[in-house]
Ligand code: ADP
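Have a look below at one chain only, the form predicted on its own, in structure tokens format.
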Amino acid sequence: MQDSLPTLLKKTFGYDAFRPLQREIMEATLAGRDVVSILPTGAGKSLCFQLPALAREGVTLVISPLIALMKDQVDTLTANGVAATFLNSSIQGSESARRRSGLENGHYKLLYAAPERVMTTGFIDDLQRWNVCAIAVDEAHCISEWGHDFRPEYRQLAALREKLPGIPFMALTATATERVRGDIIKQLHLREPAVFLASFNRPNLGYTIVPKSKQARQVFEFVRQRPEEAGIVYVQSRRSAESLAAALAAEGVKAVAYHAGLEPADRARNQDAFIRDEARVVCATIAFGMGIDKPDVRYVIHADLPKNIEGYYQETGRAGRDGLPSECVLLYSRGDLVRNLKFLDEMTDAKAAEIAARQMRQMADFAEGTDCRRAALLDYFGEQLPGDNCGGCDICLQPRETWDATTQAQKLLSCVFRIKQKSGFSTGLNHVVEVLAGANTEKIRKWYHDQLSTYGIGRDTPREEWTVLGRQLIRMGYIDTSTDNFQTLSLSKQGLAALMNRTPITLVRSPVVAAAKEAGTGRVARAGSVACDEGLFVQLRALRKRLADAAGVPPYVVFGDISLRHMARGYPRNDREFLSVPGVGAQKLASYGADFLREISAWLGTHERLTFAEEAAPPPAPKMKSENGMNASALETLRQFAEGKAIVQIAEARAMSRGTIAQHLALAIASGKLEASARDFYTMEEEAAIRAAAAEHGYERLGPLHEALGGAITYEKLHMFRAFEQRERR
């Protein structure tokens, strides 16, 4: 069966090669093993169970959470000549009977169903008769309460192991931390599963974070510059979704709203308009997206702060699923965090509220961070970005210099200290900034803070810069914030020592707030760029829309943008050349080949044939200017480590992940700037185990090494092992 996979891939789906890990995953499931596949959006998760289904005898059951997702995937499979169907509440009467009859008679290779339906007694009996030979659990993170989209009904799926013994399971998701991966294995009762963890890096995505000012205007300015592109705008509330969609529509943008409060018919109509390219923009709450397979979303805007990093990663991952360059923009305001935290007061589950609060603060730390956005995302998932500049985020494209902030920091730290000394209580950052600026507010007069020695000493600095400075000092551990929603400030031991000793403090200079309309407008050549005849591409898109409308399917079911761009690049003239286009299989050639070949021929009758150079890699972006090759944040970690603090203490003091702190120290070790012993970080026995696993898997990518060790040795220790090895090589 494994030998037939490349042939099936080309014949059915029109691709000549597998994406990373796809073939290994398919071979493991065809060998009868349980499998856990953690592949980012756009990495081809669905193919990992669809292609093996064609190589097997029997039916592959796909458990999927949303009706829209089932329909999209079945439409796409059908267009490729694959016998697939779904059963859910939208299918009733004679149509349901027809599909069941087809399953009874072995006419289908794939069956999609929701977990609620799968676990009904009668349905399990049906599955036993229908010769189910494999089970794929899509969006498997829903099974874990530590995931970002926990659904209790997923917990019942483990019962299928008893009802359908011996059938291999495959659990798939785009986002899962180490803790969630363990929960998936435990809750589904997977038996010694083969775990495949792909890189979480999406090199075709650009990440930009800008301060939120006038939300609707910022969104419109961004959308206006992309008149032919589809995008998703995420907001937190239903009211915001509707008002933003109305504002865009008033400016002439074809926009629709999507949220759980809409009538089902309205929700379905708006979703359908978006996936069929009749609406360019959908303004939505997080209720939108999981069931959407649209590969040509060119941008995702978060107009409000997401509630956790996993959700943010998955939502941004809905851009550029086809691998073409796409943009991810976050409009950030600290007020969003405060508002989100207030909602937690209404929660009765203290444990859930604690988890949610921690996740929200992690998201805010990411938004306020001054290190590479991509590196920060990868660090969250236990992965290290090769190199120190991704060339595709606002931080790396607009490098920020470090600067001696000692004087300004002394003023702010002193103001925090004097306020508490004078009043006996602490205040929030906004009030501290007002005192520094010499503001004449009611609170300042009431509490006599205009009598402080620090009153007005910061008049020559814009308030916004004081706020940015304060947030940086909080992240670096000089200032503690209260755990309640008031976020009052007090000096930490580190901050008090810095104030008393005038400790030099180096920070990353944050630019003055940029206009949001500048966010993401620079089209940077990134991975996935396909230069082509843009005029022909427009014509082919129009043809695709006509054919899709006639067939009653979304345009991407006919062909994706990447296929059209290759057509407009190579100008195929016959069936053989058309079959060489990525995404063109035998069924697509039979269904659409003549129409597209005719369109291309007609274009060349009136236009010159263009030639294109091989896609060149983008030039390396300039590196962040820093001291001795280490940025300000890494230098601060190194300073605290030199004081004798452990990794966990530094992480807590600086409100950072332990992984980030470990990476800072690993960089210092590898570059020779930190003299340390391996025994400071791991035992001889652990080193022997790591070295044995590294002999087979290498140590450049820590994910496979971590998996090979069964998760028994932490990423922190693996970072350190790699650093010592790199130092030895130097």
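Computed from a predicted structure; not experimentally measured. One-based numbering along the sequence shown.
If you look for the form predicted in complex with adenosine-5'-diphosphate, you will not find it shown, but the lines that follow are about it.
Although the partner is absent here, Arg321 sits close enough that one of its heavy atoms falls within 4.5 Å of adenosine-5'-diphosphate in the model of the complex. Within this chain, Pro52 is remote from the site of adenosine-5'-diphosphate in the model of the complex, having no heavy atom within 4.5 Å. Shown alone here, Leu665 lies farther than 4.5 Å from adenosine-5'-diphosphate in the model of the complex, counting heavy atoms only. adenosine-5'-diphosphate in the model of the complex is not approached by Ile63, whose heavy atoms all lie more than 4.5 angstroms from it.
Partner contact region in the model of the complex: 40-48, out of 673-681, 40-48, 27-35, 690-698, criterion any non-hydrogen atom within 4.5 Å of adenosine-5'-diphosphate. Between adenosine-5'-diphosphate and the residues Gly428, Pro325, Pro295, Pro572, the one pair within 4.5 Å by heavy atoms in the model of the complex involves Pro295. Taking adenosine-5'-diphosphate as it sits in the model of the complex, the stretch 12-29 comes within 4.5 angstroms of it through a non-hydrogen atom at Tyr15, Ala17, Phe18, Arg19, Gln22.
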